[in-house]
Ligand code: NG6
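Only one chain comes next, encoded as structure tokens, the form predicted alone.
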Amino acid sequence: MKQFLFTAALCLFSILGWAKQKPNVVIIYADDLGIGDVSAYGQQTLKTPGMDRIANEGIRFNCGYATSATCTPSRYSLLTGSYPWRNKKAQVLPGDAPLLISTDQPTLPKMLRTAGYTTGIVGKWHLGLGTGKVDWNKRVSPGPNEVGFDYAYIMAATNDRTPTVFVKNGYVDGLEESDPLYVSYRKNFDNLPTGKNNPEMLKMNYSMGHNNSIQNGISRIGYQKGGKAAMWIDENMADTFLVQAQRFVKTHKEKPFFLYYALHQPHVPRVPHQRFAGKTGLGPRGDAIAEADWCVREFLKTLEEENLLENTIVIFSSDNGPILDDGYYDDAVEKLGAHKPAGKYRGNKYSLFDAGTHVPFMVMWKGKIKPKQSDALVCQIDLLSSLAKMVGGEIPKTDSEDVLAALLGKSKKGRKQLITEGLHHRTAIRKDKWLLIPSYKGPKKPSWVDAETGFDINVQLFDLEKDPMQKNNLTKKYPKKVDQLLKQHQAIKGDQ
């Protein structure tokens, strides 16, 4: 009996010790941040010491990618490990869209929760809520909690869409029963002021589309009525999300946790706190990036103060490439100066050109990852399989590949090829140094924004090593390579 108890105690000790050694996982996800916006990647016009710390104390990937050049599809892929074009609805969602991820679908938080993690999301969601007809005065479900998150503190849709409220575990935070909230994307309520009809009430003018209900002196997409006590103040949003992220860490530090900290910057409307307004000389966009960088610094400081850095893997990236004018006049274009948000690459948000999906991507794990740069091809879609391998979780059958060795700096090799996506589920293939964009009809620039789609009636082939700005179409010079890549692209996509 004594031998049995002794053996059982050893087993329990071993299990507890193993669990304690499981690293915490944090993904910090910026919104519309370009690879050229982070000073660790070589730009000198805007300092980002917080983001740089992750790059300089960990691995800075030179070939890190999102799956899509727009936000909803990239977020979908990060959490599900599936290419967004496999789900026709995985495009930029309107503010009243139902939950995009099926509650039966494998997800990153589900995998980690099964592996013993407490899971949380703080910040931007933009993957839909509810079933399509939401009563904001009751619990909004399904949402993040139903796809694997134990704790969720998110904005209801996006910063530029109604309702301009935070949702905590399905409930609008701060909503008073005496002042119910109503939302519509079809018609206004009781002739309430709008940006279109009442421009004199605006502190930031819209450039396109964002001309409906006004909140905090900014008109949005969509209409809302009531819920006054729950309405956010844009200038305070960064502080609100930071405090929630810090609180989650402090509350759950005794066991392994996963935090998806989804920053809202520098997505429009760019309204940084007064502490950062006017500090960069690059207008609100530059100031919003400085604010986001401060949030990263403060969050890392919290991990350090709680003695968690040595047992936490921190992954930083962005959902897509940069954009300047994306719906509001905020001097992003006029005050750009010598700053190049896309760095040395061609493209932007919405684009099939490389910078639409080629984003900052850094991984830090104090004491476990040696500082270096890596040219391994890695993508956010691979975090599901890679982290599952790291924590001993179940690896579902998805498009996600195991690139853990590359993420930890133990291999120079990542995935062999990658399908990237621009607008309307149109895709390209990235393999080795090549980027091939198949033939697509359609406008080269979207009608609502000054951005390149990358669409062209002619097939385009670029050597990204020699020509990162993609000025030279090499289809005529390398016809065999074109044929090879087109066949590989078709083999992966099939009829989708």
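These numbers come from a predicted model, not from an experiment. Counting begins at 1, following the sequence as shown. Each form is matched to the other, and the largest set of C-alpha atoms that superpose within 1.5 Å is called the rigid core.
Below, we refer to the form predicted in complex with the named molecule, which is not included among the displayed structures.
S.K.: Applying a 4.5 Å heavy atom distance criterion, does residue 142 contact the named molecule in the predicted bound form?
M.R.: So residue 142 does not count as contacting the named molecule.
S.K.: Tell me, yes or no, whether residue 260 is in contact with the named molecule in the predicted bound form, where a contact means a heavy atom of each within 4.5 Å.
M.R.: Residue-level check for residue 260: no, no contact with the named molecule.
S.K.: Heavy atom to heavy atom, is residue 320 within 4.5 Å of the named molecule in the predicted bound form?
M.R.: Heavy-atom contact with the named molecule at 4.5 Å: present for residue 320.
S.K.: Contact between residue 126 and the named molecule in the predicted bound form at 4.5 Å, heavy atoms?
M.R.: So residue 126 counts as contacting the named molecule.
S.K.: Which one of these stretches, 156 to 164, 100 to 108, 308 to 316, 286 to 294, sits within 4.5 Å of the named molecule in the predicted bound form when only heavy atoms are counted?
M.R.: This holds for exactly one stretch, 156 to 164.
S.K.: Could you check which residue among 406, 362, 418, 71 gets a heavy atom within 4.5 Å of the named molecule in the predicted bound form?
M.R.: It is 71.
S.K.: Here the chain is shown alone; which of 90, 268, 355, 384 has a heavy atom within 4.5 Å of the named molecule in the predicted bound form?
M.R.: Checking each option against the named molecule in the predicted bound form, the one that comes within 4.5 Å is 268.
S.K.: Can you tell me which bits of 182 to 196 touch the named molecule in the predicted bound form, meaning any heavy atom within 4.5 Å?
M.R.: Nothing in the stretch sits within 4.5 Å of the partner.
S.K.: Quick one: core overlaid, is residue 49 moving 2 Å or more at the Cα between this form and the one not shown?
M.R.: It does not reach a 2 Å shift.
S.K.: Once everything's superposed on the core, is residue 446 shifted 2 Å or more at the Cα between this form and the one not shown?
M.R.: Shift at residue 446: 2 Å or more after core fit.
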